[in-house]
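Encoded as structure tokens, the following chain is the form predicted alone, with no partner shown.
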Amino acid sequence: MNTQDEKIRFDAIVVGAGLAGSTAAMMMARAGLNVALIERGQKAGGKNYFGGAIYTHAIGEVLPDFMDRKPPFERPVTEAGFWMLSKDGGLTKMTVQGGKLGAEPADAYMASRAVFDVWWAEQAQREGALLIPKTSVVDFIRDSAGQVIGVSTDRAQGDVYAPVVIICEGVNNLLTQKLGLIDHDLEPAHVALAFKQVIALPMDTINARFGLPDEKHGLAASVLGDVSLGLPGMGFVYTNNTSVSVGLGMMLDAVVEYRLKPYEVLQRYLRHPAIAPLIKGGQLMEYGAHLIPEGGYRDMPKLYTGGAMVAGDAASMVNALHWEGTNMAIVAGKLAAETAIEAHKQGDFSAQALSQYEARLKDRFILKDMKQYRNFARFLETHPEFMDAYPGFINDALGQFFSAYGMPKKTLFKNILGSLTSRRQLFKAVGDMLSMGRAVMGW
């Protein structure tokens, strides 16, 4: 840190010590830059809360020796897929295990962000980044041409200068708006409110109830059907070492419009006959909620301007279909750091120079996937049946199929098709499937 001219100066400033921010700070500090990592929470991860899974392909890009550093992982994801609940208590499981999910290290591990983010920020500090907690960035400092040259914080004499700033502020994108990279708040219809409980259970109990051989095996399930009162939403179940994370996400506009109380919706889900036995006798460890930007490609801000870039949730880098977000944040933070390092080498922090950040993103899966799925958020808005009615139909149909002993099978199939109520409904279902295919393929 240099206090020449009584100004606090760094080579780079990162706002937000989440996955994207700590990654960016780590990479730049490793390259020899003097980096300030500013975090408004008391510690890294203090305001982060998720399901959820951490993806090792992204971590390995930044720390190839990450397993030797003993990251605070929970169980590896060795089984993943969909569960479908019906209103009569039925459960259909469509999961895959072993094979590609049996690799070591696993491609994904369950983790607590409150724990993992602290460890991740420590890796940035080991490389030389300076973590500044309990400090909020409130605005930007610009030169006469309007280029960002630093940030103003809520501390006394809190102006901090650097030729490049990387914004990783999370879903509440107030700073991104101040930069002029986006001109509006995210619409409630494009933001999910995810809420969950972490329930403590003995390891052996978890293994027995979920059919897991030992603590080296874990389940990550997305739950559809009778989850969210027939409104757009999806549940999840994750097995940790000695706890189970159970929760669901609903679009924020539905929560507001129907004046729902998230805790009551969650309790209804936890009481479902297929879920309740899995957590019976457990002790509540945590309850929390978090906003997730799910508008996708069409909600992404401009990713750079003179002297600044934006990454992670602040840039709506979430793939709702695959529950991807943590890996996008890490890779985007890495690419933003590489762009800043190159800008220092060239002595050029203009918008044109930092546009290489977007070029790097286009070469990776992030922008390719975001663009491909650009219509998927809109598809879910207009086709809530895929999260409620159709999973219920599949569950009921399979239940009838596997209990039709002694029944004429022609009657069986008439009953199954009859559950769609009419021929018109059947044609609609076919049309909806085609629409989903177009949305997924990006056509």
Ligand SMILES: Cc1cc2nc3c(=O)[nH]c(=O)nc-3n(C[C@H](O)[C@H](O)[C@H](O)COP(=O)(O)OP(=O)(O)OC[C@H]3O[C@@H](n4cnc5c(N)ncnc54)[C@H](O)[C@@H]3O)c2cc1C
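The numbering used is simple: start at 1 and walk along the sequence shown. None of these values were measured; they are calculated from a predicted model.
Form predicted in complex with this ligand: not shown, discussed below.
When this ligand is considered in the model of the complex, residue 239 lies well away from it, no heavy atom lying within 4.5 Å. Mapping the unseen interface onto this chain, residue 324 counts among the residues with a heavy atom inside 4.5 Å of this ligand in the model of the complex.
Taking non-hydrogen atoms only, residue 226 never approaches this ligand to within 4.5 angstroms in the model of the complex. Residue contact check for residue 189: none of its heavy atoms lie within 4.5 Å of this ligand in the model of the complex. Residue in contact with this ligand in the model of the complex (any heavy atom within 4.5 Å), chosen from 71, 232, 301, 170: 170. Proximity to this ligand in the model of the complex, defined as a heavy atom within 4.5 Å, singles out one entry of 207, 350, 136, 95, which is 136.
Stretch 33-41 is the answer when you ask which of 382-390, 395-403, 33-41, 58-66 has residues with heavy atoms within 4.5 Å of this ligand in the model of the complex. Of all the residues from 175-204, those having a non-hydrogen atom no more than 4.5 Å from this ligand in the model of the complex are 175, 194.
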